[in-house]
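A lone chain, given as structure tokens: the form predicted alone.
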């Protein structure tokens, strides 16, 4: 189908979106071109290529890319393609290439910044059009690469807003992941969880700040966790704090999630406030706060710890939960398939108990084996299949529509509601980015 601007615009109304936005193959191709291969897309954290020669593979839209660190300590984002015959240069997810990257097909060698360094039997090219310094025979770089506080992004568009401009208010997600560390640094721990969900990428993003689903979708998980907590207390044991992350799903109830406010920011970013405070009055937390006071001074430390934030969606590809030290990134594979990577971070200088508390959430809520993930993945699969049917054309975002609180460029959900503000906001941004002239809202 020829998707003109008028046809794309008609897919999104103020309180609903057309099902074709989630299932149409041609629209997916346009999403790759106009969103994921134009906007700033997350590549990885600098700690994933800690040493000279390290590389890590990522995907930007439909393009296979790799992040490398050269022997001067500089980080680069390159297309994972040999300029000779097109072979991918690296196939292991991560590794260390040593001094140079070697193509396994014909043993061409490249520096870590992509420059062609050596060709075996190079005399065979004497007198031909191949020149060692010709840009055509270097590993191509992403047109634009930048980082915010060690979190690296790439844009495949030659021009456009800067990374910092695009991130806008969502920078707080990365600030919190670093500033909450008494040592002022954060690093990725180990390897990520990977899952391929059988659903559209937008369904994942919408679910993250959908306040009306947790008490319904995850109610059975919450009841199971409450039962275990009760049994442990009956036996004279105090259940781990992390168990409360699960039992809250039942304890709060289906109607109780309105107390957690949502905020819509420019460029399509959104945030969730107030959920799952992790500052109980216990020895581990108090020791952590003391270390923060020592590092920043009491006033600054309280400003950092007092940020009312649980979750930030960085459009179009990230879901960041700074208080729980985790980041999820999505790599769309098709209109009905999405790769999700879930990373966990360690705060330098924080007590081990604080790290393990956040790790408990990482395992209990977001590992591939949890009941929480199973509930979500099943529902997303059902949504995808339902939208592929002809049982209706529209997806409803009507909850509290028309009652958002507008504060300049920011919109906030109606107090005490389970507003679908973030869902409406992201679909409006989607529409604007998908128009041929681009531009978010």
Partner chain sequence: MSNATEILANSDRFKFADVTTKTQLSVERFLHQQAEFLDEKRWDQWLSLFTADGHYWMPAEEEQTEGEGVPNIFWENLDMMKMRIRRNEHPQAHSQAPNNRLCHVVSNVIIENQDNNGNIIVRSRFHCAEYFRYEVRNFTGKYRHYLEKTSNGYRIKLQRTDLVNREGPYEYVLQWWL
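Because the structure is predicted, anything quoted here is derived from the model rather than measured. Positions refer to the first chain, counted from 1.
Unshown form predicted together with its partner chain; subsequent notes refer to it.
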Give me the residue from 194, 104, 308, 72 that has a heavy atom within 4.5 Å of its partner chain in the predicted complex.
194
Of 134, 294, 237, 281, which one comes within 4.5 Å of its partner chain in the predicted complex, counting heavy atoms only?
237
Any non-hydrogen atom of residue 394 within 4.5 angstroms of its partner chain in the predicted complex
no
Might residue 263 be said to contact its partner chain in the predicted complex, defining contact as any heavy atom within 4.5 Å?
no
Whether residue 299 contacts its partner chain in the predicted complex should be assessed with a 4.5 Å heavy atom distance threshold; does it?
no
So, in the predicted complex, is residue 320 in contact with its partner chain at a 4.5 angstroms heavy atom limit?
no
May I ask whether 232, 374 and 381 each come within 4.5 Å of its partner chain in the predicted complex, counting any non-hydrogen atom?
yes
Looking at heavy atoms inside 4.5 Å, which stretch does its partner chain contact in the predicted complex, given the options 199-207, 266-274, 149-157, 240-248?
240-248
What residues in 315-330 sit within 4.5 Å of its partner chain in the predicted complex, counting heavy atoms only?
none
